[in-house]
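Quick setup: one chain, the form predicted alone, written in structure tokens, and binding and motion questions come after.
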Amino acid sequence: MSVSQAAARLAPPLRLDRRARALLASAGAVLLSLVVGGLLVVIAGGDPVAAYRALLDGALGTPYGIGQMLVLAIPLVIIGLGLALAFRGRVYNIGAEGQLFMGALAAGVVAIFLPVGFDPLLIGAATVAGVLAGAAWGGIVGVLRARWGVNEVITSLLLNFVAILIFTYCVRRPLRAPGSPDLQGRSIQPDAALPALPDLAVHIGVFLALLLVPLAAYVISRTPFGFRVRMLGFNAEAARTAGVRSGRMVVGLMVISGGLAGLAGGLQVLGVAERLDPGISQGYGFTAIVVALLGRLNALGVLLAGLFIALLQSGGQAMSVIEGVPYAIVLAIPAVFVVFLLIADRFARGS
């Protein structure tokens, strides 16, 4: 037996499978990003160890801090699941922020005006309205690409601004709270507010976000629809040859991801702001792209990535206040994650 043959026999057991390489790539990206974040803290004149300790204490040190971290994680996880599904099919939805605002607007209108005195029915109707509005806004992008081949990255990105302007106009004019400043929208009916968990101060939408994780994992890995999505993402031409209707799949993926973004917007109105407020989003639709990529388009990975980014955002405020670290550094760390993740992914695929 030659040396090359012996090496070939020994190589397979030594090679990590694809999932293990992906996991190591993500872990390496996180580690390197934390190192770079620490270097930025040093450059800003701070102590990186103390800064990260303050970050953890701020996010996890008290029940209230944990609750606030979960509040931030809910929209990131829900939107991230929809984007992960769309990205798997190579449908690049960059318009989740606008879909969130359209969902928030629809849910808020229902929660303000629907004359229903039964809490679950009112909450359910407002939530469904948010999902449908986000799905419709995302469906516009899907139809444009499926029917006329218009690039979904451009259309979804530009529709963000249209949606935010529509929301802002409605808050300033027809849905402005009586006697309040221009940017103060109407409050929802008390019956439409989502109950909060004791001590944690997080609304019950957290259970919906957790429920969607195994549901999304099942759809992606165990259903014919998920198989067609993976096929479309792997090779669109081969998928069409196999009978996959790519146009319908594109529209479907945009509708699903838009609907989940609309759901996140509705939950923000019903469970956080309890009114139509232009400040309901801290860029969740854009940050969820980072969550989907950091989670490697995997449902469980999206959950972990969403919690991680929420921990950074929640604890970063404490780090900034206690240690005097510029908050811009905290905002820069997720962007560094993406850079290292893409680099690590390239090495993982090439190994």
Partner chain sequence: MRRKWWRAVPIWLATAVLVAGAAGCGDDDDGAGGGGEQAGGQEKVKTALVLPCATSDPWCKQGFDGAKALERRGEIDLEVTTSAPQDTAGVTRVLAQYAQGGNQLLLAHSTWQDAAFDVAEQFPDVNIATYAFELRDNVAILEEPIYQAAYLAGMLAGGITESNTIGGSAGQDVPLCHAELEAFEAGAKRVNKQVKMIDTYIGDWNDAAKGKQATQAQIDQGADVVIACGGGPATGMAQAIKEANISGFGYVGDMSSQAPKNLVGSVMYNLEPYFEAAVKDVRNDSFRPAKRYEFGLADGGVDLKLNDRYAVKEIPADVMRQMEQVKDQIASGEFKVPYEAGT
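Keep in mind that this is a model prediction, so the values were computed, not measured. Positions refer to the first chain, counted from 1. Rigid core (definition): largest C-alpha set, two forms, superposition within 1.5 Å.
There is another form of this protein, the form predicted in complex with the partner chain, and it is not shown here; the text below is about that form.
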query: 4.5 angstroms heavy atom contact with the partner chain in the predicted complex for Ser281; finding: yes
query: Leu32 within 4.5 Å of the partner chain in the predicted complex, heavy atoms; finding: no
query: Distance check, Gly179 to the partner chain in the predicted complex, heavy atom within 4.5 Å; finding: yes
query: Phe113: touches the partner chain in the predicted complex, heavy atom cutoff 4.5 angstroms; finding: no
query: Answer range among 251-259, 265-273, 125-133, 98-106 for contact with the partner chain, defined in the predicted complex as heavy atoms within 4.5 Å; finding: 265-273
query: Sole residue of Leu175, Ile204, Leu210, Ala201 within 4.5 Å of the partner chain in the predicted complex, by heavy atom; finding: Ala201
query: Members of 326-343 lying within 4.5 angstroms of the partner chain, judged by heavy atom, in the predicted complex; finding: Tyr327, Leu341
query: Flag for Pro63, CA shift 2 Å or larger between the shown form and the other one after aligning core; finding: no
